[in-house]
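For this one, two forms of the same chain are given in structure tokens, first as structure 1 and then as structure 2.
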Structure 1
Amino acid sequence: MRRALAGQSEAVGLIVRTLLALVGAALVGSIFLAIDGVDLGFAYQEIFEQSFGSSFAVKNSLIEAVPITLVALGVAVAFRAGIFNLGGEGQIYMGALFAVLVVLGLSGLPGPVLIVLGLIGGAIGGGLWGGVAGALRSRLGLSEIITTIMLNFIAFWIVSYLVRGPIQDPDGAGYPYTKEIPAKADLPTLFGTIPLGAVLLVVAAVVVWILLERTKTGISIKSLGAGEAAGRFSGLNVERTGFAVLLIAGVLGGLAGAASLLGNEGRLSDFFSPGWGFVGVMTALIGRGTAIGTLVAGLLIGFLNNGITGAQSAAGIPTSTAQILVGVFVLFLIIVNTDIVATALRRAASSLKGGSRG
């Protein structure tokens, strides 16, 4: 009973903090929109319409949220272990690379089989890339912050080289991308609105929650997050756990790349990711390292990104201002989800309850 009430209270707190972030971002964003001479009422109406206003808008918003949230879940798992996985971008690229190689190489297989193998290939590619960082950390004692950042650059340039040479589409007029994957390998859309990638996203969030909250591995991960010295004292194999955490994070990052390739992009290209890996770090911070919080944060950012992008032309919002709006909203989300602000809001809510009883 207490656990259920605590979960309900946290859910209400998350909604309140999100509304506060939206109001703060709208107020600050209005300044920039007014400077650009944009009609504020029409602009915000268009953002809402492009985010939620139709089944087509919802579908595109979910597609935008999939890679951001999947890679963020990997970052969240690492956070719980006290490990900073900043390599989501590289894991996305390697996941997409493995997925496109599998799908194009086995294009004669039936569509459902291709989809499954493509997702597995993406998970393996990202897992290998995360595992490299994990091995460097556990075997050589190298900082995962440095290695994951450097692996991002290496993954990007490997893909850039390949799509400009060995795996470039020979009929692509010289553009740096691969052949398009067969239509039968595209992730389907359920009920005309929900892309299969979004279902995968929810399943991944549930699996991460079970892993962290209901398994011995989750206990080990959180023990490592409490401190390496304490972990060693309790008999925890710190090196093995750290390696496993970055491997898991890589798998989720690789799935993000594969899901985007099969669910929307259709081919691997230079600059395949617009920065999903880095947005994923912020998303995990907003979600406070929890599976459900990260899922909610990723969906919010996905819907907002799609809404602002879609409203740009209709409302006449300059690209720079659109990016400012997204950045301000994310900043406010991070601020209202800090421990200090969250605690203050809980105290304020308790005071209001106490006052109403009196």
Structure 2
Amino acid sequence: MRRALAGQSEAVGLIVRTLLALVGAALVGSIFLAIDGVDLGFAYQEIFEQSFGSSFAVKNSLIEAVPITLVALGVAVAFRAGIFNLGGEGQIYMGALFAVLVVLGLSGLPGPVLIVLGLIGGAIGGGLWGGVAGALRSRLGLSEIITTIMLNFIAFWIVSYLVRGPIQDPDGAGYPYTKEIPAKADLPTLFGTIPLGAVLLVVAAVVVWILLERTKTGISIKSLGAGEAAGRFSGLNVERTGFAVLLIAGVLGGLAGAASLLGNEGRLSDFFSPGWGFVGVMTALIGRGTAIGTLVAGLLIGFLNNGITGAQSAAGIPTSTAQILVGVFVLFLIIVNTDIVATALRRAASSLKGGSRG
């Protein structure tokens, strides 16, 4: 009974702290917008309209959420192992590259087969890139914080070269992009509102949840996260787990690239990803590294991004507002969840209740 109560107050505390951080971020964002002379009331209304206001808006928000959340799930898995996958960008580019090669190369096949093969191609491309970082970490002891960033640049320039050379659209007037994929390979939209990518997203989140909570690999991942030395002592294969984690993260990042290619972009171009890899890191942080938390956070950020992009011209909100909001939110989340601040907040709350113990 006592433990149940403790768990409950723990959950309440978590929610209160998250809300505090959210309010703080909204405040900072509002200050920036107000300085810029934006009519705040109108701006918020417009952001809401553009993200939730119609089935078209919801569809676009979901499309925006797909790559962010998929790549974030990969970051989340790595987080649980204490590994920082900053390589989302590179994994997205490689995933999209493999997907577009598969789909354009086998364009004679029926649509559903193409979609499945395209997604598998994306998973392989991203997995390859994550796997390289994993191998460099496990075999040579290179920090993934450095290697994943370097691999991002390398993937970017490889794609940049290919879309200007070997796989450039010959009818594209010299633009740095590939031919468009055949319409039959586009991810369909269900009920006019739900893009298939969003379904993929939920499936991926469930798979990640099962992986983390119901499999041996999940136990290994979490014990690596609890500490390398302790893990090694209890018989954990630290090298293999570290490699597996970055491989899995890469597969999810690659899927993010493929899903975005098949579900929205339609072709690969040199600036294919507008920084989804790093937004994915933020998303996983907000989701506290759990599958469900990351899914919720990814959807929220998808709606927020799409709302702000839509409201950009009408309400005069720069798209960088989204980066500020997300960045500040994560900063505040870190601050309110540190032991020192969390304890202080608990004390403050209990003294407000009239001196009962917190």
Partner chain sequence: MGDFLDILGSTALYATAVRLALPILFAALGEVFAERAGLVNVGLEGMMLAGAFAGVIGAHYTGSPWLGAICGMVAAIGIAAIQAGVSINLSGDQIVVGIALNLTVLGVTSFLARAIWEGGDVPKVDGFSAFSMPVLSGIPALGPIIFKQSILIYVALIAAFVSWWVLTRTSWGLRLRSCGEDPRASDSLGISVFAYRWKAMIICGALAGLGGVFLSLGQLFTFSDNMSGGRGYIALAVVIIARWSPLRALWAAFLFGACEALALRTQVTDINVPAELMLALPYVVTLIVYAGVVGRSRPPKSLGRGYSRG
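Predicted model only: the values in this text are computed from it and were never measured. By rigid core we mean the largest C-alpha set that fits within 1.5 Å across both forms. Residue numbering: sequential along structure 1, first residue numbered 1.
Just to confirm, one of these is the form predicted in complex with the partner chain and one is not; which one is it? Only structure 2 matches the form predicted in complex with the partner chain.
Fitting the rigid core first, would the Cα of residue 310 be found 2 Å or more away between structure 1 and structure 2? Comparing the forms between structure 1 and structure 2, which are aligned on their rigid core, residue 310 does not shift its C-alpha by 2 Å or more.
Following rigid core alignment, is the displacement of the residue 319 C-alpha between structure 1 and structure 2 equal to or greater than 2 angstroms? Shift at residue 319: 2 Å or more after core fit.
Give the rigid core superposed Cα shift of residue 332 between structure 1 and structure 2, in Å, rounded to one decimal. Reported C-alpha shift between structure 1 and structure 2: 5.2 Å at residue 332.
Align on the rigid core first, then pass along the CA displacement of residue 24 between structure 1 and structure 2 in angstrom. Its C-alpha moves by 3.8 Å once the cores are overlaid.
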